[in-house]
Ligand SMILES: Cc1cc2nc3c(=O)[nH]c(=O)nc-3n(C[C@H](O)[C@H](O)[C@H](O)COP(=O)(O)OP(=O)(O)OC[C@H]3O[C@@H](n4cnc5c(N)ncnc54)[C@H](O)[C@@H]3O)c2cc1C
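The chain below stands alone and is given in structure tokens; this is the form predicted on its own.
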Amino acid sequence: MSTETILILGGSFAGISAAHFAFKHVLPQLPKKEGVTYNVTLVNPSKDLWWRLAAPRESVSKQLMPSDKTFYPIEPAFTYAFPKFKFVQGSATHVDPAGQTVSVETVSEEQQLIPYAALVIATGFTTPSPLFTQTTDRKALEKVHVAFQEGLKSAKTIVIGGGGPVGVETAGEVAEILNGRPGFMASAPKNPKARVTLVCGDKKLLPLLRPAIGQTAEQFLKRLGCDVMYNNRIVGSTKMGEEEGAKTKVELSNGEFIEADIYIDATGSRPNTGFLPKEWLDTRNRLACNPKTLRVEHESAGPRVYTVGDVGSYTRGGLIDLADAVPVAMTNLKNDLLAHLTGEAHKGDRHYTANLKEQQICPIGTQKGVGAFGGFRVPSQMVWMIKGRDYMIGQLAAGTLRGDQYKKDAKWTPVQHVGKAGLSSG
């Protein structure tokens, strides 16, 4: 008896989506051979899916966003696929493309060597601030959030670095929880309790959106008592003591310093690619892939290696982008695997097309927000309805965990498969 394993590294939105697509549209089409079984193995450091979209609010207030709404156990979502679904709580430490195996360190610090017939890398990213990244389990992240919320209670000066959506959303949540909601026509809080400053390295907030939307975002932030500093980058931060409550000295690119009770680094993200060979990465340390097929085509990668989600070089990020990418990567995996297992002609590639329309939805506090969708500006009230009221937990969280959007696969037109070095068509 032999087992052909589709191995998926990463159990957040991308990895879970890829696993559901595999069970619904890949495994059912693989050839039935005596003595051969198929499974999907998912590797993730946590046993839970964390709804990280809600991190700006959850990190600030467990009353407004309790953890019970943001953590979902992964394994129960795949009961329909048992025993073909395997879950390993751990982290990949090394890939051996020649032997087609991945070394994994489990949560109990044991080493496992997992063979694969096809490999999907969906390990996502890590943020500079621990507030926005789940590196281990639920308990550890909840502890980080509780400590941060305790510090907020006495904070008078807060500096947030980063003018992207996470920085803007966090600034809005922090300013509102400390300074309260402004009056209906107020342009600023009457009696602000804290000075909140958002440092933006660009000339406008929210770089993916038009300047006018960024300007509206600034107005909404000012209503909550948050000032915006433009054309300045955070170049360093130093804790001014070891004792609890010690201030942080924040160094700006213009040479100035700001002393803050709390500094939140929301300046970007770092792809989780440290376990991969350097030659597989692009100049930003993302996993380089064919932008059409989402295969990893470096000659040393070997056959049937793919990527989905924010770790890949093809994407600008976001759930909408992910929904387009998962069917592409998994369909190409299926056709590559079919050709390998049967020796028959390749059925053709499915191509990914990047959606470059202006689209991003950004709540600012619990009442306002800005954004665009499909190239059209979205009114503040609509931003609240889509995302601001609960960061889309009610609309998407359970469905994402169950893989609802992949119950059916859309029609697509095959493109002739062109073999690449390290890829096998049969």
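Quick note: we count residues from 1 along the sequence shown, nothing fancier. Note that the coordinates shown come from a computational prediction; the quantities given were computed from them, not determined experimentally.
The next section is about a form of this same protein that is not shown, the form predicted together with the ligand.
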Inset, instruction - Decide if the three candidate residues Ser91, Gly124 and Lys387 all line the ligand in the predicted complex, where lining means a heavy atom within 4.5 Å. - result: yes
Inset, instruction - Work out which of Leu341, Met229, Ala81, Leu319 lies within 4.5 Å of the ligand in the predicted complex, going by heavy atoms. - result: Leu319
Inset, instruction - Using heavy atoms only and a 4.5 Å cut-off, determine which of Trp280, Tyr116, Phe71, Phe132 is in contact with the ligand in the predicted complex. - result: Phe132
Inset, instruction - Go through 44-52, 62-70, 25-33, 372-380 and give me the stretch that gets within 4.5 Å of the ligand in the predicted complex, heavy atoms only. - result: 44-52
Inset, instruction - Considering only heavy atoms, tell me if Asn332 and the ligand come within 4.5 Å of each other in the predicted complex. - result: no
Inset, instruction - Please run the contact check for Val166 against the ligand in the predicted complex: heavy atoms, 4.5 angstroms, yes or no? - result: yes
Inset, instruction - Verify the contact flag for Pro56: yes if a non-hydrogen atom of it lies within 4.5 Å of a non-hydrogen atom of the ligand in the predicted complex, no if not. - result: yes
Legend entry - Close approach of Phe275 to the ligand in the predicted complex, 4.5 Å, heavy atom: yes
